[in-house]
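Two forms of a single protein chain come next, each set out by itself as structure tokens; they are called structure 1 and structure 2.
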Structure 1
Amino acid sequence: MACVLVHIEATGDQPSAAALSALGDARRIATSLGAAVYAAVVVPGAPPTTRAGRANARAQTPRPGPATSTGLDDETTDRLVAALGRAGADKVVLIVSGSDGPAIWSSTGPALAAACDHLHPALILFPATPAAGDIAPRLAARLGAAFAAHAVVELGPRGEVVFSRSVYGGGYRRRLALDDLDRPVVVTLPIGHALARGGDDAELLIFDLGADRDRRVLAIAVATPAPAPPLRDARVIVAGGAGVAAANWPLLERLAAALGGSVAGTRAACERGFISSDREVGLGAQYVAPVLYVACGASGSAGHLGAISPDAEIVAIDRDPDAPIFRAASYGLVGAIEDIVPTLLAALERR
């Protein structure tokens, strides 16, 4: 196998926590297969130039080109490469897409596909972020690759790589062995805390697609900027369900602020308009991997719980002592949100 490629979302020189967790999984797989780990970061770079006549993407190694080619200055590039190297990457690939904006297929996918055409990775991994939900299946279709969503990586007795995912509401697991596939595989991985320890000497490659850039999309504007930090990196999440009355949501905001966390919701809460749908946690929405998850007035449906990392410590508050959430929780508080949360807040504020 030539390489395992991981899509990295980064802000400047800071890879996201979700990306580092996927790199940890990639390192484990690549070590087992004797393959190299490529960390691929799509950067906006300079606006398209008129370098006509360039038919193919090109790779430069080992130093970055001028800052304008990637949009990152040399120091930022060095810090990013070092961070990704320490997290397990053998090579860091900066792919200059020429379009700006959030990571979605239009801004990122064609550039990533062009780099994959050049590098021929056997395995392309994404942490299961909202961006991955948009990019990964389209990339698989573009490359003619197999696609597995939200799969956990297991190593078989002979070191073979097996992707495993729960199906039918968690009642069964479907396993897919990499050896059985005769094509590249694109996989989105649940976000965990599987960090790897690599060296400081990752090699840098730059793919500047030049004349091959997709010029249909040069910039993407976000109409309403997200008011809160992304859930995928949150270490503490306070989630509300249908059991939290509209008037009590400010209590959840205060609890999240007191714990240094973010507020999220179940689908039922989002559908009632208590919280915006970009804060929904669930199998049909976002996967999260906090250290602490405080579930308030959420019954604990499989669709909701299945998207919370098994490593998270769950504290549940619900007035129904038989609510399924208590079976998943480490700590349970039986009672009404409007009684328990103010008591918790008073205790936290006293400290």
Structure 2
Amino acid sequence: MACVLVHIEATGDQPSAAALSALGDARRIATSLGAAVYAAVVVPGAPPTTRAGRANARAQTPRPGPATSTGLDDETTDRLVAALGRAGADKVVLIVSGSDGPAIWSSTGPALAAACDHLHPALILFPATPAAGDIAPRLAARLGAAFAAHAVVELGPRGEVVFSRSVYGGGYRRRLALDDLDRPVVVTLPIGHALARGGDDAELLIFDLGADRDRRVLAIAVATPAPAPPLRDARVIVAGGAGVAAANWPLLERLAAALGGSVAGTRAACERGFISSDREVGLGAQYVAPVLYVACGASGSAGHLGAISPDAEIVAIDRDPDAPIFRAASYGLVGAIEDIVPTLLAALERR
């Protein structure tokens, strides 16, 4: 195998928690296959504008040039490389994109695809984030690669790498063995898995391959993020569904505060205006990987449960004892939200 490449979303010298989770999976896969792990970070910069400049721009250097070449100064670059090396990367690739926009295909994809053409990775991994939902399938199409969305990494009976994902509304699982394919594979992975441990001596490569952003897409506004922490980083989530009345949502907020967690909602709750759409958990919204997930008044649809990490401990609260959520929950409480949640809050206060 040539290499395993992981797309890393980073702010300055800080890789995201979701990216480090995917890097941990990459390290374990690469170790079993005897392959190298490349952590690819797309950074803003100014690519050459002339054909001659582009031909000379391809570079693999041990250190970055001036700060304007990658948008990162030497100190920031050193810290980023060290962080990714400790998380399992053998090589860190800074890919100059020519754009500092959000991580979507138009700003990130062309540069990432150009780097893949140069490195020829056999496996390309993304954490299952909103950015990956836009970039990963387009990258697979651009490379002529196979694509598996939100797949769990497993080992087959012969030690081969297998990607398993739910299909047909969660009723079945499809397994895709890496050895059975004769083309690269692009995979988005659930977040929240254990991190890997590596050294801090990862090799630094800088690629400026002259890949411009897609000029057909124009950013006209940037939404102000909610004051609450991102759901993808939350260790405790209290989620409300259609079974929670509007008057009872403050109870969920109090429970989340008592547990040190964040509040989320299902699609039905967001559509009814109980909570903003950026707090929706679902296959069409965002994936989460908390340690504890408290589902209140959520029936347990496949679209909702499919966006929760299989490692999460689910506690379900619902007045319907036959709700599907109880089949996925580790603990179930049958009753009304307005009766059960105050009791839980009183117990937490006593502790």
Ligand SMILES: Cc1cc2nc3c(=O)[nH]c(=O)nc-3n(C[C@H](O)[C@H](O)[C@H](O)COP(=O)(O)OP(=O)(O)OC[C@H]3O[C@@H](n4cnc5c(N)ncnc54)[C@H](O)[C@@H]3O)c2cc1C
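On a predicted model such as this, the values are computed, not experimentally measured, just so you know. By convention here, residues take numbers in order along the sequence of structure 1, the first being 1. For clarity, a rigid core is taken as the largest C-alpha set superposing within 1.5 Å between two forms.
Of the two copies shown, the second one, structure 2, is the form predicted alone. With the core held fixed between structure 1 and structure 2, R183 has its Cα displaced by under 2 Å.
If you fit the rigid core between structure 1 and structure 2, you'll see the Cα of Y293 move by 2 angstroms or more. Taking the rigid core as fixed, one finds a CA shift for A239 of 2 Å or more between structure 1 and structure 2. Core-based superposition between structure 1 and structure 2 puts the Cα shift at D311 at 3.0 Å. When the core is overlaid, the C-alpha of A346 ends up 8.2 Å from its other position between structure 1 and structure 2.
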